[in-house]
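Laid out below as structure tokens are two forms of one and the same protein chain, each shown alone and named structure 1 and structure 2.
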Structure 1
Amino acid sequence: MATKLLTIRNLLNKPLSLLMNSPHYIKPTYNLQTFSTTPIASVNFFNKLPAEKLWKSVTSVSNAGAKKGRGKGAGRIRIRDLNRGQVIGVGKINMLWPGLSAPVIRGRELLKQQRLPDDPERMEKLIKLRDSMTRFRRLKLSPIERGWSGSRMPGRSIGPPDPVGDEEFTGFDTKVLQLRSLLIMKGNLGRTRNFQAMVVTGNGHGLAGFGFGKAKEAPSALRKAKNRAGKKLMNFETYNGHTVFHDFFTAFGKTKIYVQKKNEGYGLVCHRAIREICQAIGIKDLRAKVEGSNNLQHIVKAFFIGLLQQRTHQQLAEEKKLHLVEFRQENSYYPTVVASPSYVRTKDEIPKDETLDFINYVMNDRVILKRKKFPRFYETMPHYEIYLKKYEKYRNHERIRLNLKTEYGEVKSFLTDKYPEEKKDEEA
């Protein structure tokens, strides 16, 4: 329509110019002098598609890629909300819009639409805000809540089991040992994902149990496992409330565990799952070596079986019909009788081939292979000998310094008063 009108005006203009061909005539100017008549299609996929779809096209990972683990973790492209930090009425050009970005009346003055000086930092701020959205952040836990590794569940505490009727689990604490996803096939749904959890719960005074739980969601699997563990409590006696009764060997499947009794202050030197179990039971000192398969469920089962198969000192004494005597280095190896049987055999009654060594007996004649200790790699090298020769004369100096400090309060001797140390120029 507009084009038609223009052509008519062009026609009209021509006779008018002819008519008004005088020197006093001033040529009128028109707004639409350089007007293009070609049509412009101002449509592309940026304004045709919603932001959601646009972002998906950038961030999506193919099905095969997702299975390989692409689009996860630190390298992942993240959806950014570009509207964040933007305010209606504030844009690239800093304009004052009364009624939108400013009040209409300020004081007694009616504000007018005007351009304000440009804010050079505006864009930088926006970019900074957008960048902060893209950075990958792990869920941070306090060191007390933290489990074995970062924010992952294994090793974390999930509180006592839920009360059964009126019975409450006071003093109990549950530790997650394992939480993993399993894929199972279903007739109508195909492959679906399940979560399996293994937890151990205990009160630290001999009562402990472990349980498994499976569910579609991780939290419910954990809850199920926790409550099952609470229903399967076992009582374990400890030696003087700090360790096991004796060394023992235990196995489940291909997993073999050698457990050693230790003195107070040794600590728990073992697999982290065994450590959690020991803490749940209340064992404080123990060494355990896992050999063979590292299957976590097998380790847990083997350790529990081993604990259950322990014999108390009284039982051992009764089995052997001999006194069980304890010798401690800190008590100058004074013989303390820890258990005596009702009837004690004499030397003649003991067969020649009977196992009398305590460790051998409790390990069922299984002998732990002790690896030969090789010298450290540097000890055979010539430079180590040179080092030893060179530092031999200094080997006692540390102790001498300490003695001098206790005697004189500083490093000096009875000769220092007579022959004082020469003072350096800087000090003087």
Structure 2
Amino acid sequence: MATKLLTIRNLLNKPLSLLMNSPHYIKPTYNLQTFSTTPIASVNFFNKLPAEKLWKSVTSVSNAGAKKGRGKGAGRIRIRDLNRGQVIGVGKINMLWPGLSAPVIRGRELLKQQRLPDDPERMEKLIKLRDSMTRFRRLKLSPIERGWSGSRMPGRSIGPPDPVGDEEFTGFDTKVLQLRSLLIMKGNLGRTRNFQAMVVTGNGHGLAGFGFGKAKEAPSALRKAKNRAGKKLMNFETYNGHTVFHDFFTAFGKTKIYVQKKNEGYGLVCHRAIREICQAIGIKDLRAKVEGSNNLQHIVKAFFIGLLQQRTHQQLAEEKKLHLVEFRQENSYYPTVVASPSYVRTKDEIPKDETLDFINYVMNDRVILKRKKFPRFYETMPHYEIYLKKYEKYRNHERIRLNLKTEYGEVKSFLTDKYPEEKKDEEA
């Protein structure tokens, strides 16, 4: 806003002409010719820039500051529209302005400027309206729809892939494994931001696939990855519909995965990305140990490679030309033949240096790294050995009584079977 002093001569000349006729008038010592008529601008920071740039300076951080970790909470500050709730012609003093806040003629009456009753609650309503614009509302999701960490996309379901022609993906579900933003430097566009997504889709009955997608926006990247995963489905066989056929070792890059077959009811004890893949395939019981690099893409690729390389029981029996026998705890470890080859080798035909241990054979002679268990600090002290000797006879009393009641129906000594006279003496 600039205020010009072009009319200052007229303002000064008018009162001077009235005073010059007065007898008490004294001629001033200043000369009107010395007054300047150049414009003087009253400019500051707040009326030099528009509201959009002013708000940006408050609610954002520069690129250099963002690289140094500044402004982490700046995204929660939202821009307020200070014009919202304001009415033209209505301010602290409630006035009626014909032609501005009201029509000039209302019916046959010519409206005049007049003051209306004040509204004491006007400022409170404006402040309440502005505060409602800045409330940071997080996306509320049900516990079932949440991902691995709250409302973030990894771990969330995004539905089945889009239909391809007349073929629909009935019964399929897609889970997001990774969604990250990539900054790419280009010569003509500068630094551009892209999104990369990795998803896995499956029907829970052996059909599953994973895919990647890149796009300028996150939803587009997720849709691309989902549709690509639906076009690259693979079929996986499961043992009794709940686990893998055997233990196996798999690797991709610096990532190593040791997968163990487990009994029904064990569950999925593994990396969260492997758990999502198992649920997409239909595997319910499995244990997996990841060693080396934790690169998520390498973990997914390594696990899919391991599933594709696993062999059925019949294939393992044909490879070794030996019977494949299974020992299960449910059957009291009674041996059960699960596969037999067309030709069985004799003992003389088996070389001495051949690996006959089943776990070592399917693991390719790899062993899972187990950390050494160190004793507790008090177990190395002398008093702990005295404690064990003192309470040894009381240690299992409660458990022994329970086992005796279960097996014999009563609490009795093991000497009654060896020495029957002991029982007679007790009855007597």
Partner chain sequence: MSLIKLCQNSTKTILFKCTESQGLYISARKLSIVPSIYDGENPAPKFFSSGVQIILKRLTRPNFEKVFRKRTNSNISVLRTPVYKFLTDEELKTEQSNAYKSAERLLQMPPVVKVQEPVDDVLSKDPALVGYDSSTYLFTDITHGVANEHRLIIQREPDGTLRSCDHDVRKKLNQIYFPMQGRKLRDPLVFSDPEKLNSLLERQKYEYILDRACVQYEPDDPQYQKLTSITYQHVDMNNQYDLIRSTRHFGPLAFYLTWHNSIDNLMLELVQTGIIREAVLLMSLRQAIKEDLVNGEESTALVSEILPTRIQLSKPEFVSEEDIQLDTKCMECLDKYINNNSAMKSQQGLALQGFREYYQQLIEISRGLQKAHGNA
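All residue numbers here follow the sequence of structure 1, with the first residue given the number 1. Owing to the predicted nature of the structure, the values given are computational and were not obtained by experimental measurement. Between two forms, the rigid core is defined as the largest C-alpha subset superposing within 1.5 Å.
Matching the description of the form predicted on its own is structure 2; structure 1 comes from elsewhere. For Trp97, a C-alpha deviation of 2 angstroms or more is recorded between structure 1 and structure 2 after rigid-core alignment. Annotation: Cα of Gly190 displaced by less than 2 Å between structure 1 and structure 2, core superposition. If you fit the rigid core between structure 1 and structure 2, you'll see the Cα of Asn403 move by 2 angstroms or more.
Lined up on the core, Val61 has its CA atom moved by 3.2 Å between structure 1 and structure 2. Taking the core as the fixed frame between structure 1 and structure 2, we note the C-alpha of Arg84 moving 7.3 angstrom.
Per-residue C-alpha deviation between structure 1 and structure 2, core superposed: Tyr394, 9.0 Å.
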